[in-house]
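Just the one chain here, the form predicted on its own, laid out as structure tokens.
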Amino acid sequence: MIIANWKCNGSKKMIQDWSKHYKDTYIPFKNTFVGIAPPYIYVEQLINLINAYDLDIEIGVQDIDISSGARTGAISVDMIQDIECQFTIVGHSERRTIFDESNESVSAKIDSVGNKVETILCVGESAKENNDKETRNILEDQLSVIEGKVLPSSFSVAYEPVWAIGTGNTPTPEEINDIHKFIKDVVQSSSENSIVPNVLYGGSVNDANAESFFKQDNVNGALIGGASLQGKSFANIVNIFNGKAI
């Protein structure tokens, strides 16, 4: 499972170039979920280009609101279904820090989505929390949003240490593997139906270091920010995940 999070980046020309470069670089392979979460306003354009190039890519969104109605500026899960989006990210650290999202809000979003589309829940600790050896406590607190919920089998978690996002710094592959195992255990013990989720790694993933992460038993893919903004580099990461890199 490889997901691109374009954040607040993009333009019509960028998306046109991206699609062509991805098409030229990607080596076809079945059974891998590849997704892109562009800014809302580019969803339709991206869907049209993906269809035109016959690319096996699902489109999703970077965030979702808890409901519809009198909520100016919000986007509901029913709306994204209406334009054939297949997944949503929730709880990204930038949503938590910039927009003050709480665990309660993230939990409500998970409830709102249900099994209508796939959910990718982001969790991760700050540099200070990592230095203070608080990583597992922080992750357990963030994962408390799923406690007692019946989760769909497609529910996924992305581990994104905040101190690694966009910095070029990453935990070692072995450390990531251990944290992913911890996340799987917490979700299995906390969810009402005891699911074991796919866990993706995010945080300065690129086509130079991706293979070292994907070799780990508990790493089921990646949530990619900066390196996903170029079609060629993102396709290279997908190829690496599929064991098709040249």
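We number the residues from 1 along the sequence you see. Values in this document were obtained by computation on a predicted structure and should not be read as measured data.
The same protein also exists as the form predicted together with a small molecule; that form is not shown, yet it is the one meant from here on.
Novice: Within 4.5 Å, heavy atoms only: does residue 223 come near the small molecule in the predicted bound form?
Specialist: Flag for residue 223 set to yes.
Novice: Contact between residue 80 and the small molecule in the predicted bound form at 4.5 Å, heavy atoms?
Specialist: Heavy-atom contact with the small molecule at 4.5 Å: absent for residue 80.
Novice: Taking the small molecule as it sits in the predicted bound form, is residue 209 near enough to touch it, meaning that at least one heavy atom pair lies within 4.5 angstroms?
Specialist: Residue-level check for residue 209: no, no contact with the small molecule.
Novice: My question is simply whether residue 120 lines the interface with the small molecule in the predicted bound form - judged by any non-hydrogen atom within 4.5 Å.
Specialist: Contact with the small molecule, no.
Novice: Given that the partner is absent here, state which listed stretch (124 to 132, 86 to 94, 145 to 153, 108 to 116) has heavy atoms within 4.5 Å of the small molecule in the predicted bound form.
Specialist: Among the listed stretches, the partner-contacting one is 86 to 94.
Novice: If you check 199, 61, 205, 57 against the small molecule in the predicted bound form, which one has a heavy atom within 4.5 Å?
Specialist: Only one listed residue qualifies here, and that residue is 205.
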